[in-house]
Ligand SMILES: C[S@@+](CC[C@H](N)C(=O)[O-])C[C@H]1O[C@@H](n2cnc3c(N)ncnc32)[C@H](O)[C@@H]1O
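Okay, so here's just one chain, in structure tokens, the form predicted on its own.
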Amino acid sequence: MELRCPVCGAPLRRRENAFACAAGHSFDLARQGYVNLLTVSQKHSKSPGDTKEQVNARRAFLSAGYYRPIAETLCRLAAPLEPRRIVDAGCGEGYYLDALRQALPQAELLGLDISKEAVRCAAGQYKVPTFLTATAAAMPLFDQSADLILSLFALTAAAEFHRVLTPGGHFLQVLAGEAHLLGLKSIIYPQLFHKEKISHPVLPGFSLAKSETLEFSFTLETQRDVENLLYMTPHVYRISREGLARLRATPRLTDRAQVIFNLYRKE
């Protein structure tokens, strides 16, 4: 996929160890093989996105196979679409994109994430997909560049996804359901409150082609795995000191995942 300069919008060309446009904007290629196309104006903090600690926790948790059913469902839903170009908008450390690489070896893959730590980790581990530090809200890609865009537990930038998708292209959205990780929540919060979630958002410019819910149980056998699970979720930003103490006193946890897959088609 051709990259677009995040400053002026011109095409970026590879020049030795950098990508540059005709206007002279240049972006160095990191040692791990990724390029940082996140401009200062696009940052909401000095180091946006997941921290190194969160990225390492996610890598350890996903590598242990606890969420393999999610990766398998993702591949099953993507394969019949026969996409030639796939973008994972919020790719994290690359686990799900690598699963797609194995399921769809002919597809061109690109992963982007606002977290430089996540992209550095992904590019260091997986050499085939292209990885970028960038925001899903303003992807450094040209119009109609991708046949399939993924967003797994990440930002849904519907207008931007619509711009980048080819006519008839698909957006596969993966959301946590209302009953997702109730075991973890019951430990870290003193009381659980019901908060209704929109499971099938209406997205302008898209029609919902398919939706299915995946549910499965898993058991974490060590306290380290229990803590890794916390660091994979937004609850790490909300947990109290008391909740964290209860979690660190939990040597083993059986929990249940509830994950919603929404497949949208660009109208």
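In this text, residue numbers run from 1 along the sequence as written. Because the structure is predicted, anything quoted here is derived from the model rather than measured.
The discussion below concerns the form predicted together with the named molecule, not included here.
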Check whether residue 109 has any heavy atom within 4.5 Å of a heavy atom of the named molecule in the model of the complex, and answer yes or no.
-> no
Indicate whether the named molecule has at least one heavy atom within 4.5 Å of a heavy atom of residue 153 in the model of the complex.
-> yes
Counting only non-hydrogen atoms and a 4.5 angstroms cut-off, does residue 91 reach the named molecule in the model of the complex?
-> yes
Are any of the heavy atoms in residue 236 no more than 4.5 Å from a heavy atom of the named molecule in the model of the complex?
-> no
Could you tell me which of 75-83, 112-120, 178-186, 191-199 sits within 4.5 Å of the named molecule in the model of the complex, going by non-hydrogen atoms?
-> 112-120
Checking 100, 134, 141, 165 against the named molecule in the model of the complex, the residue with a non-hydrogen atom inside 4.5 angstroms turns out to be 134
With the named molecule left out of view, choose which of 30, 203, 226, 62 has a non-hydrogen atom within 4.5 angstroms of it in the model of the complex.
-> 62
For the heavy atom contacts within 4.5 Å of the named molecule in the model of the complex, list the residues of 46-76 involved, in sequence order.
-> 49, 50, 58, 62
